[in-house]
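Let's start with one chain on its own, the form predicted alone, as structure tokens.
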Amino acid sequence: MNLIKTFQKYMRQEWLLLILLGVLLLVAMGFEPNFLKAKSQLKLSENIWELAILCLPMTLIIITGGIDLSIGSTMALATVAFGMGFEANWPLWACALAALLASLAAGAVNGALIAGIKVHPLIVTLATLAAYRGIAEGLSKGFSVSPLPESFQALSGSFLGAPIAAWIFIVLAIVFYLFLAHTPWGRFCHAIGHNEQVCRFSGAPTSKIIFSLYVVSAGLAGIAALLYSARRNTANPEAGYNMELDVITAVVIGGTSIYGGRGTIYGTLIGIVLIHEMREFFNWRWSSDELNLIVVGSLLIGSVLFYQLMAPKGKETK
């Protein structure tokens, strides 16, 4: 019993993730040394930035005890809005604005239903997952718009040796870290996750916070949609398909409690890197999507079990 208490005191999920990441990189170094070369890692990083950006608001949402299953569909909606503007010969800035406005409107609908009418976020975002994807497919009739102008594709280029998307993510990650760790609203996010009703009675603007988080989540889905379109050189209604699953997996593996009340941005960053490196290494070594799914699923289950073990008695569930 004392051993378990000591383990609970000193071992955090983030530390365990760093150990797993280190083991993975050592295995990769032994079997595929080329995988860890800077040139290879830079090329492979092209696949991570939209996912990483979406993980930031998802961390805050899950900390509050919520969830957003509609982010992938919101990406599709924003992508289609951009493509329709482009086909109508709008200026690129107007196309991008249309994409962002479409995504923000989608987030406002989610936020109004969840924070205003108090419908459970799982029900709301499950419904809008289907609705937004259906709207995107209906407006586009299933057709993608391509090619896109070279000036827009420049968004997928690099700056100071790193992808532009990486710089966008770094800035956003710093902002989200400071918000969560050093602002009253960030502390309220944890309080809402522990007990929303008590937090509301204490005078915290819980409805405003929850509404804002879903709007921000959708807005970043719009930014991710623009990055995706620039990288793929197409405005495709299939953008973001199943993206929500990878995002939630990375956030939960990163130590954010599915019960709410606990989570960190740096834990999410570790989760993103671990999932990314594992997927890319398995594809590099074995080209096996099935193995990827098995390992990711095992990590997700293991992270939940780890939280249950580490949680103080009586705190395993909300």
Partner chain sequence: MSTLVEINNIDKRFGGVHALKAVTFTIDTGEIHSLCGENGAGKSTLIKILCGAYIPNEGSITIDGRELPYGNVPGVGQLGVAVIHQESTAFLDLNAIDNVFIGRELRTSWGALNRKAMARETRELLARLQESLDIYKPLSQMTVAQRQMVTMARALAQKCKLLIMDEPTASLSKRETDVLFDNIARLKAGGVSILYVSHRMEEIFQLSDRVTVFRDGEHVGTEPIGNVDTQKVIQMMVGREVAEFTKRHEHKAHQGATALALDNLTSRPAFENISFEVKAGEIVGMAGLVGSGRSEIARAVFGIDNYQSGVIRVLGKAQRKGNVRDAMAAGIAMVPEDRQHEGLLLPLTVSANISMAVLQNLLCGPFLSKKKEGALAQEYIEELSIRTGSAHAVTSTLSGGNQQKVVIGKWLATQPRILILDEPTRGVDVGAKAEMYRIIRELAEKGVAIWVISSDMPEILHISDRILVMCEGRLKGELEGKSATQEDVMRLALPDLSEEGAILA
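From a predicted model like this one, the values you see are computed outputs, not experimental measurements. Numbering follows the first chain given and starts at 1.
Missing here is the form predicted in complex with its partner chain; even so, the following discussion is about that form.
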Query raised in the report: Does the trio Ala28, Phe31 and Asn47 actually contact its partner chain in the model of the complex, every residue with a heavy atom within 4.5 Å?
Result: no
Query raised in the report: Which of 158 to 166, 187 to 195, 217 to 225, 86 to 94 has heavy atoms within 4.5 Å of its partner chain in the model of the complex?
Result: 187 to 195
Query raised in the report: Counting only non-hydrogen atoms and a 4.5 angstroms cut-off, does Pro149 reach its partner chain in the model of the complex?
Result: no
Requested in this report: May I ask you to state whether Arg232 is within 4.5 Å of its partner chain in the model of the complex, using heavy atom distances?
Outcome: no
Query raised in the report: Counting only non-hydrogen atoms and a 4.5 angstroms cut-off, does Val145 reach its partner chain in the model of the complex?
Result: no
Query - Heavy atom of Ala181 within 4.5 Å of its partner chain in the model of the complex - result: yes
Query raised in the report: in the model of the complex, which of the listed residues (Ala173, Ala115, Cys199, Leu100) lies with a heavy atom within 4.5 Å of its partner chain?
Result: Cys199
